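Only one chain comes next, encoded as structure tokens, the form predicted alone.
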């Protein structure tokens, strides 16, 4: 299928010069004679950097060589070719794409970005829109998902940063399980961790077609179980302030040209994507003429496209909410901007993330200390039995080596998606993401604690040879205290990794809020202060514990 699609793409690119000759008057995109702003920077650099998806086939995906290909990379190539520069593609996600373009790490974003009112406040979303999609839920046929009402209070896989997540939770009552990418969401769905996966109808239609072509009668069958809602067009993004500059104007004209020439229609065919009503309507609109003049061409006087040719007011992903007076006063007096987070919905998300972070950290610290003590005592005791003891200790040493030498993020993925997939088979028991995160972090730090306490117990044995293993434990803890504290502090810092398996801890929640328009400076500084106080409190607690041990 992929090879056939690529062959069609090549054929389309060969045919596109012919299409370009059929562009209506006034819609041929032209580079300015003297470029300014970001466009001038791109031309001077000689490379256009475009952020695209790599997990949204066939709009953006990795080929067998690891290169990013798809409909949107093809559009990016068309921009670079017209500019006369090289193209560099950078993979972006729903949570970081707006930040990347505003930070200047990429010049343009063409990454399935829905045009919403909130996003228009965060970056410059260019008109006309180039694509469109709605939101549906994809689930197993035998799950009997009869519509959105059947999903109320049910766990549904969601991709972080998608504009519709809040509406699905607030208005449709789903229990969102957040994953970093579409791949992770789909894998979690297949393991039964969610009853369905809410995603763009365009991509899910492709997924179902691919499933039908595979023809595996033994595999569970999936279907789109709901009607499309929250239908929204997609927009190309540039940094805030660049939309009215040379770069924004040129790309807007290119999008208009793509619609008028049929380039996007041709690319749909090339990538085996069913033609959509939105693209066909846009093609007809931008080709239409009245009294010999293209009706969507820029007005010579104002330099603008007619309003009737552009999308209407974008949807608003979240309801308007007037901030409380104290929030406004605080912002005016100090610059601390809590307007986006001091709402019932976002406030509840932050509070839940705070509780999860504290609970996960506390549980992992207790688990790590317990594992360290138990395994160190076992090692010290069994080592006294010569080769038999060493033989019995082999499984423990293997566990410690794996836990210490394997990155915790990899352990989380292996256990959650690997072992968890085996356990989620009929009749099995799949532990929750929070439990898995707590166990992995406990083992990761517990392995280090075991080594620290084992060495400390050996030192205590030399200092007090007549005492037993358990009697030497308080002295060993005192000897290795600083190392144990460092391992526990690392657990707190590593808790953010748990978001990879749908644990909505504080760091990932703050990241989500920033991607939705919350003030970056306020939230990041607040996050810094929170972790500083948390570690400071943890150190104070351990200092008190040390005083108790010394007293004993």
Partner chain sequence: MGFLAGGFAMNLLISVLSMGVGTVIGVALGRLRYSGWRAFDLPSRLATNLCRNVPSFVLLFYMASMIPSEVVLAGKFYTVPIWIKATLALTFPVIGFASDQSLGYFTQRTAGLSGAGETFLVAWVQYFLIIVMASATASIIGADEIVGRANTLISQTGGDGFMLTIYLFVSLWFIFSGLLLTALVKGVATGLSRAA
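Quick caveat, the model's predicted, so the values are computed rather than measured. Residue numbers count along the first chain shown, from 1.
What follows is about the form predicted together with the partner chain, which we do not show.
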Checklist entry - For the chain seen here without its partner, which of 342-350, 405-413, 285-293, 243-251 has a heavy atom within 4.5 Å of the partner chain in the model of the complex? => result 405-413
Next on the checklist: Would you classify residue 531 as touching the partner chain in the model of the complex, given a 4.5 Å non-hydrogen atom cut-off?
Outcome noted: yes
Item to check | Contact of residue 527 with the partner chain in the model of the complex (heavy atom, 4.5 Å) | outcome: yes
Checklist entry - Within a 4.5 Å heavy atom cut-off, is residue 58 in contact with the partner chain in the model of the complex? => result no
Checklist entry - Does residue 482 make contact with the partner chain in the model of the complex, using a 4.5 Å heavy atom cut-off? => result yes
Checklist entry - Ok, 303, 274, 147, 104: which has a heavy atom sitting within 4.5 Å of the partner chain in the model of the complex? => result 104
Item to check | in the model of the complex, the one of 84, 468, 418, 395 near the partner chain [non-hydrogen atom within 4.5 angstroms] | outcome: 418
Checklist entry - Within 146-180, which residues come within 4.5 Å of the partner chain in the model of the complex, counting heavy atoms only? => result none
